[in-house]
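In C-alpha cells, the next block holds one chain alone, the form predicted alone.
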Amino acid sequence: MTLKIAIPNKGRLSERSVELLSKAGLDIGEDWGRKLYVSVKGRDIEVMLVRAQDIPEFVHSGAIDFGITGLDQVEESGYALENMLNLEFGHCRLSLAVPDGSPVKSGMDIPDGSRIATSFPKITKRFFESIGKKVDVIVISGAAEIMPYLGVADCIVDLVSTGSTLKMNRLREAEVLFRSQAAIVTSSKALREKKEAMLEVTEAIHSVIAAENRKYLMANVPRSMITEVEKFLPGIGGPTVLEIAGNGEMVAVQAVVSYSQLYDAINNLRKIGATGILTLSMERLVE
C-alpha cells in the first residue's frame, strides 16, 4: 500500500523538508519543484507538494498519511493530530504585537472592542476567549504589520522569528500565544494502519537530524590516559578504544561528539598527549 507524505511546496519549510528526505535516503529526483507530487525512486512512497496550511486538513481527512508542516498550522486547524517528531527547524512564535507607544503589556491589557488583525483567527479567538476579552478579529493574509499604521487594526497577532520586522514597523511583542516549529504529523487512523512504514521514514529523518549536530572524533591516545579520556569524552555509551598494531603505548579512541563539546574535547586530548586527532562529518546517526 502506497505511503503518502505531504511537504510544503514553498516557503521557509519547503527546502529543508526536501533536504531531510534526501539525506534520509528518499530520492525524489531533481525536478520536484515543478510537480505537485513525485514518486520516491525504488520505494512505494509518494511525496505531495502542497501549501503548508493545507497539510493538517489533508492529514485529518486521510488524503495523505502524514506530513511536514508547522505546529502553528496544526494548532490553527484545530485538529487533534499526532506529533511524530519535532524537526528542530522553522522555529517561531505566534505573538500579540502592539504599536511602540501602546501601554499594553499583555493580552489582559487589551480593551474590549479592540480590532486584532491576523491570519490565525482560530488561535487568536481562542486566546482572547480564554482570558475573557471581547475583541474584533480581522482576518487577513500576510502583511499584518502594516494594519495598525493603516488604521485597519489596533494591534496584530502574527508569527515572529527574530522580531526585526516588528521593529521596522514600530511594533513590539506584548505576549506569546503559541510557540512553533516544523514537525511530522499524522492522524491516529493512519498511525494504526501504517505505523511501521511511517516509523521507518520518521526514524530515518531523525537519524539525519541527530548526525547534523555532531562529529565523529578519532585520536591516538596514550594507553595510560584512557581513564582520563572517559571523563571528558563520553560519546554514546562511552568512547570506543581500539588497539594500534605495533604500538603498545598508544590506543585509538573514537567517539561521537556534539558541536558544543568539540572545542574542549580536542583541547583536552592535546593536553594528555593525543596525536592524529581527526574529526569527520556524519550523514546519519541511529542512536
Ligand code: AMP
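One rule holds for the numbers: they count along the sequence shown, beginning at 1. The structure displayed is predicted, hence computed values, not measured ones.
Form predicted in complex with adenosine monophosphate: not shown, discussed below.
Checklist entry - Here the chain is shown alone; which of Ala143, Leu85, Leu159, Ala204 has a heavy atom within 4.5 Å of adenosine monophosphate in the predicted complex? => result Residue within 4.5 Å of the partner: Leu159.
Checklist entry - Only one of 97-105, 148-156, 168-176, 70-78 gets a heavy atom within 4.5 Å of adenosine monophosphate in the predicted complex; which is it? => result Result of the contact check: 70-78.
Next on the checklist: Although the partner isn't part of this model, could you tell me whether Gly11 comes within 4.5 Å of adenosine monophosphate in the predicted complex, counting any heavy atom of the residue?
Outcome noted: Heavy-atom contact with adenosine monophosphate at 4.5 Å: present for Gly11.
Next on the checklist: At 4.5 Å between heavy atoms, is His91 in contact with adenosine monophosphate in the predicted complex?
Outcome noted: So His91 counts as contacting adenosine monophosphate.
Next on the checklist: How about Ser180 - does it come within 4.5 Å of adenosine monophosphate in the predicted complex, if we only consider non-hydrogen atoms?
Outcome noted: Close contact exists here: in the predicted complex, Ser180 approaches adenosine monophosphate to within 4.5 Å, heavy atoms only.
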